[in-house]
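Just the one chain here, laid out as structure tokens, in the form predicted alone.
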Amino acid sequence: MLTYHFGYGEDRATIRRGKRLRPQIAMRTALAEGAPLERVLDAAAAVEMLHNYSLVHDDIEDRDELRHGRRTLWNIYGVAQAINAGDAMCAISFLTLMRASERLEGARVLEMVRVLHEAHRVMCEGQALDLQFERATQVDLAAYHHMIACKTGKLFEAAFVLGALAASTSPDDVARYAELGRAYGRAFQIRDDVLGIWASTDATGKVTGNDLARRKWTFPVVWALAQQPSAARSTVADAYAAGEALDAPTVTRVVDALISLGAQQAAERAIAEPMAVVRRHPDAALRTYLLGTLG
């Protein structure tokens, strides 16, 4: 099951894989701080394994049938076996990180383990909020931002911090990388929310409009309902007030209403502040990579 999830089975030559953003961030951060790549490889592998554990569980909880254009684990093997596979990934993640003690001092590795455990805990809080929001009658922008900081931002923050710790940077530098991770995570999630509504399945590997169909409180929806009363706002509000999954015609009406309200443009404005944090990072190679991943 793990081999299938990571795309190393018989179809490995033709499948789409993820961008491996989190391990890339950990490695590029360490390199930016002058560390040899070997010092960060265990941490990079660990953060990717933990991320994929969360994806397997998210797919179960959200009933997503596709990831990167392929059937998800629970869709093939059933929920119980997919839970087992995800839990195994979680265990392997921390066992892998412990191997960093072969290259780094024990106290630093212990701090890295703490960082990853804390990210894991906060991610679970974010996922709980995301699921809770599906039954909510109203979600404001403050609650939305808290949710994405937990669910998405915290593991990105951990990836930057793990890279900085592997490079033996100062506490002040670690704190700056943590801030960069939080900003990057916020920009990434809002961008992902937009893609979840308007990008094609070919571009994302996911079912277009599925977030709306599941009544997810993504940035465009939360922002739209914070606007002044209008016919377009009422279309979105009425669809979400029903408290049930949205059918295809309703999804189409909601998308049209979001376009009319200017939700896409609002998302771009919301991304501007965290993007400025990324643009201020002094290392040109890391900065260019991060900006490229945010499109």
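Quick note: we count residues from 1 along the sequence shown, nothing fancier. Treat the numbers as computed from the prediction; the structure is a model and nothing was measured.
The protein also exists as the form predicted together with a further copy of the same chain; that form is not presented, and the subsequent description refers to it.
Put simply, residue 109 is close to a further copy of the same chain in the model of the complex: some heavy atom of it is within 4.5 Å. In the model of the complex, a further copy of the same chain sits beyond 4.5 Å of every heavy atom of residue 198. The closest heavy atom approach of residue 127 to a further copy of the same chain in the model of the complex falls within 4.5 Å.
The shortest heavy atom separation between residue 57 and a further copy of the same chain in the model of the complex is within 4.5 Å. The partner is absent here, but in the model of the complex a heavy atom of 84, alone among 84, 75, 168, 138, sits within 4.5 Å of a further copy of the same chain.
Checking 178, 213, 143, 131 for any heavy atom within 4.5 Å of a further copy of the same chain in the model of the complex turns up a single hit: 131. Just one listed stretch, out of 114-122, 185-193, 170-178, 157-165, contacts a further copy of the same chain in the model of the complex at the 4.5 Å heavy atom level, and that stretch is 114-122. Taking a further copy of the same chain as it sits in the model of the complex, the stretch 84-98 comes within 4.5 angstroms of it through a non-hydrogen atom at 84, 87, 88, 90, 91, 92, 94, 95, 98.
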